[in-house]
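First, one chain by itself in structure tokens, the form predicted on its own.
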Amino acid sequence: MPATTVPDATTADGALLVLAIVLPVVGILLSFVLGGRCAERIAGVLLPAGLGVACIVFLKVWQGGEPLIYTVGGWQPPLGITLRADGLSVAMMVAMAIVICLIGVFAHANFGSRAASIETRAPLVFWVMLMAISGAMNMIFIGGDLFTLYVALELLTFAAVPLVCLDGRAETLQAALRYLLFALLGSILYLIGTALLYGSYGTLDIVLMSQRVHLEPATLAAATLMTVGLFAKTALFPLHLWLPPAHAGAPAAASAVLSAVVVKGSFFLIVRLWFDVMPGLLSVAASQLIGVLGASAIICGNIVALRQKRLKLLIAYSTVAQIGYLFLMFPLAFSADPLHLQYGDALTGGMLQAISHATAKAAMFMAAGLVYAALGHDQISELGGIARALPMTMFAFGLGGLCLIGLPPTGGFLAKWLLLEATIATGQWWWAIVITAGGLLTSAYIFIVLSRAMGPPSAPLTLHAAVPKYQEVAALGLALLSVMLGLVALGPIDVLQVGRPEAPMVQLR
């Protein structure tokens, strides 16, 4: 076994990583102690506080150029648990914290819980689960070993499933049960793979594992099981069957959380697995297979989205397609000559796609929820006149759509541009055709929705409910963020490379 280097001890400001996890936990406990009527206020204080902590951690990592590390109890791995925040971690922490805070603003209309009102089940569940998702996502981003990541993944699952069936309808309960079954299958496969790796290498710490891992049957079996399990949780085609009914049936705020935030957790673990835990072990054939699954998701998800009659279902199938783009980074992470894994445009483009999709898709689900509240339905064929009735809402939907298409100057444009550059750099032109075709299909259904919304109504338009202005502002804020992400190339985009190991050579097999 090759010599290994013991991971670094706690760095200055490393305790901030603990605070990022503890704050949501404190909020959950306070909600149970003080009652559901106070849950919204508690979340209203602690979620922005979590965003502040994430921003400070981001600045520390960006300015210092080194990861933040906290060793729990001073025990070094493999006995102890270590939290690490590298460039990928801090970028995702800040992005997800912003999305969660704006979703919290939007959710006030549906899950508001004033102290004087009668306590009800849905607000308590929503705010507690929102804080649980915030804490679980932070743990996924900074967890330093595979078992801690497994625990975080389970917390994320059990916080997300109740959001699907908050209204208690039969179809949402069925969707939640299907989601739970897929998620549990994924958890079992991930846990088996983790056990195999521990049996082979005697550690689950990511840094130690990356130094010890080598090609052998147990490693390949573990990697396969863990990857398939995470595919199921991320809803990568063809394991996406749980996603459309779950995301389309949930309340708008819950749909935004599930589509924008939750699916990014398991995707982030796949990136950790192949870029950090087992760098250099991903074969060319395996990377191409992952790319084929991603391409299938892009084409099939977009085509099915085109056929949808309901707006929320269209957005849900659009999520299936956009998830596919995330997995194109794996084949594109290989340079053509010499053959080696790289951390350049492909990794940056993939992570930027994850962040820009989160902001754009949350805005679109919020807009769809407002359209449903105003009209009492979300039938696309009957959206005539809604753009005049809710101009800010449909403007937010349109901006989110531009980001999904990949038009400049949005974050989606920059992400897809980086992926296209990677296709040229690596000589894999066929993925460029998939990216371009996906953009054309996306533009088709965005155009259909906007043209119907801006067209005249078939009958005099009657709004069933007034839409609070702050909900429209929250949706528009996220949509504008998805656009401004295109300007990140002028800012701290280099932070994504902080803490990246030197690109390893790929073993030809």
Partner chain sequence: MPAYLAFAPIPAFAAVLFVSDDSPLVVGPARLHLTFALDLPGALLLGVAALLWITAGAYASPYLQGRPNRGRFAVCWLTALTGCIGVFLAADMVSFYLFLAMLTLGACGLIIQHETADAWRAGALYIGLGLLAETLLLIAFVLLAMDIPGDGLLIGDAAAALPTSPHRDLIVGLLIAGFGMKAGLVPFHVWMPRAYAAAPTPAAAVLSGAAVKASILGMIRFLPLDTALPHAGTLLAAAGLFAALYGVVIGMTQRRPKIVLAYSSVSQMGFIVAVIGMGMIAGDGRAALAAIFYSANHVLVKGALFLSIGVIAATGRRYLWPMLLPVAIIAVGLGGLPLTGGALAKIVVDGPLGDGAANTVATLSAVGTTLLMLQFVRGLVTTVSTDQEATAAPSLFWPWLSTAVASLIVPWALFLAVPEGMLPNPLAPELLWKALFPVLLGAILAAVLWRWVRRLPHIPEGDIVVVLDRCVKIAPAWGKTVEQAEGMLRQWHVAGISLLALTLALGAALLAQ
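Residue numbers count along the first chain shown, from 1. Note that the structure is a prediction, hence the values are computed from the model and not measured.
Below, we refer to the form predicted together with the partner chain, which is not included among the displayed structures.
A heavy atom within 4.5 Å of the partner chain in the predicted bound form is found for one listed residue only; from 62, 470, 32, 447, this is 447. Taking a 4.5 Å heavy atom cutoff to the partner chain in the predicted bound form, the contact residue among 283, 379, 76, 120 is 283.
Although the partner is absent from this view, residue 48 stays clear of the partner chain in the predicted bound form, with no non-hydrogen atom inside 4.5 angstroms.
Proximity of residue 456 to the partner chain in the predicted bound form: non-hydrogen atoms within 4.5 Å are present. The partner chain is not drawn, but in the predicted bound form it has a heavy atom within 4.5 Å of residue 232. Residue contact with the partner chain in the predicted bound form: residue 420 places a heavy atom within 4.5 Å of it.
Although the partner chain is omitted here, in the predicted bound form none of 21, 41 and 124 has a heavy atom within 4.5 Å of it. Remark: of stretches 140 to 148, 306 to 314, 78 to 86, 101 to 109, the one touching the partner chain in the predicted bound form is 306 to 314 (heavy atom within 4.5 Å). Taking a 4.5 Å heavy atom cutoff to the partner chain in the predicted bound form, the contacting residues in 436 to 454 are 436, 440, 443, 447, 451, 454.
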